[in-house]
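Look below for two forms of one protein chain, each set out as structure tokens: first structure 1, then structure 2.
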Structure 1
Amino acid sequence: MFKTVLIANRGEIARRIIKTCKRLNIRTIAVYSEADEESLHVREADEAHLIGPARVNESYLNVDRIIEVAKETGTDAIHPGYGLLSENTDFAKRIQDEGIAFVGPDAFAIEKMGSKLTARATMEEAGVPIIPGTNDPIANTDEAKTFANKTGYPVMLKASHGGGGIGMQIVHDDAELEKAFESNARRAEQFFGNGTMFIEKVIEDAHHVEIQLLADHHGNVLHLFDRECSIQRRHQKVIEEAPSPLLTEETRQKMADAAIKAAKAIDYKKCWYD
């Protein structure tokens, strides 16, 4: 069991991890920006360390400073939570190179799935169904409009390295697309350190249903059924219901099989003690 875990995240995400660690008698290290000095996760951790100014790319995305704090505090493992650095391949590799455990998938799996563009290509090659869209980055608004007009509006503009609804926007015509492209690319660069954009066709009146997975180091992958996540605000889930009341058993099984195939295609496993 780990003795000390550093949480490379903030707010409620960090608080949940701190709560669980306390139940397991694991010492917790919080990191915070100048804007979060009075946040609850800072108060509730066993230790808290300032890592930079309010801007995310100068604090919660500051890999050098986070690792510096980890070394100073004798951290055994770093938990990235979700968002921020949780899907950053270089961060996972760097932690492992420093001899610190990364609480999450290994760098190989993150590299395959951390970028939505790479994930699309990987899943397509594995035979997992994907939404029609671009498998290459969209460099500018002209390229975006060319694809959108060929596919037909509405389309979803997406940040390749985005998460939490950041960098996503449905657009219905060229004027909306031109306005949305630069602003979403800037937000993705600010929040995730990468402003690469791509486009997918919008599936209207769709439902967001997720499959839960468990995997080990021996190649075993299990699904834990599904959850309905369609009640959202700004592309962020508000309420989740398990199981989804909308799926037939046939559809549920097809989705579970596809999820397991996806996990095996990237050799997904938890990297606790690697």
Structure 2
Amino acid sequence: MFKTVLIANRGEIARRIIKTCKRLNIRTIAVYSEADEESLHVREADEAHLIGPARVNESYLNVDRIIEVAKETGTDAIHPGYGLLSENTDFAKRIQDEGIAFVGPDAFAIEKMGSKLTARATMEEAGVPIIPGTNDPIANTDEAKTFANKTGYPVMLKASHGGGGIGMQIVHDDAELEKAFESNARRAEQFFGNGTMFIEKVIEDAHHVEIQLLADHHGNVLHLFDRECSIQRRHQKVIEEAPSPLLTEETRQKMADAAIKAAKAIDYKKCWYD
């Protein structure tokens, strides 16, 4: 097992990762911004290093500084937690080039699935059901309107590289779409460095259910059942539970199978294109 793990995150998730590392006798390195000097993750890690001012761009997203700390401390692996650098391909590639493991998928997998548009195409090909929508990027408001009027409102605008509800909005008519399209593209550009947008039909009265997977480098892939994450406000989850109270046993099994199929489809794609 790794001897030293750096946690490139803050808050509850940094503490949660430290907890498991301690149980496994792994030395932990915390990083923190000036605003987080008094934070619990800083106190609980074996070592803590200041990486910059409060703003995330200057601290928790400061890749150069984080890599510097990792090298100085003899870090074997970096756990990115969620958000921040967890799905940043360049970061994953760079630390791997330094001989440091990234606790997450390999850089290629992030790239593949980080784009929601690529994911749609991959799933469609694998026979995993997808929401009716555009398979190509929508370049501007006019193109968006054309699709929306063809499918019928409401439609969901989505940033291909978005997450956490950013760059995502339901619109009910042309006027709303006109107001929302450019601003969401701009926000996505600002947050994720990519403003590519696409559109999906809105599935009314839907539940949001997800399947947890674990996969290793030896070809094993497992599912750890489902989570119901439907109680949300503006796409931020509020209450989650496991298992989902909605699913019949038959659907539960079907979805777990589909999830594994989806993961394997991505694997197949790698063989196909790499």
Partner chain sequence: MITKNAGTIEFLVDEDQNFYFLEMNTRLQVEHPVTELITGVDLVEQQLKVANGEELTLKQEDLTIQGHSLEARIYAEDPKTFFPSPGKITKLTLPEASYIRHDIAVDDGYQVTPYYDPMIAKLIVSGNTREEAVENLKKALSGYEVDGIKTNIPLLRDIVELQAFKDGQTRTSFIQEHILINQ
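Each form is matched to the other, and the largest set of C-alpha atoms that superpose within 1.5 Å is called the rigid core. Throughout, residue numbering runs from 1 along the sequence of structure 1. Just so it is clear, the structure is predicted and the values come from calculations on it, not from any experiment.
Matching the description of the form predicted together with the partner chain is structure 2; structure 1 comes from elsewhere. After superposition on the rigid core, the Cα of Arg15 moves by 2 Å or more between structures 1 and 2. In a rigid-core overlay of the protein, Glu38 has its C-alpha displaced by at least 2 Å between structures 1 and 2. Remark: with the core as the superposition reference, the CA shift of Pro80 between structures 1 and 2 reaches 2 Å or more. Core superposition places the Cα of Glu98 3.3 Å apart between structures 1 and 2.
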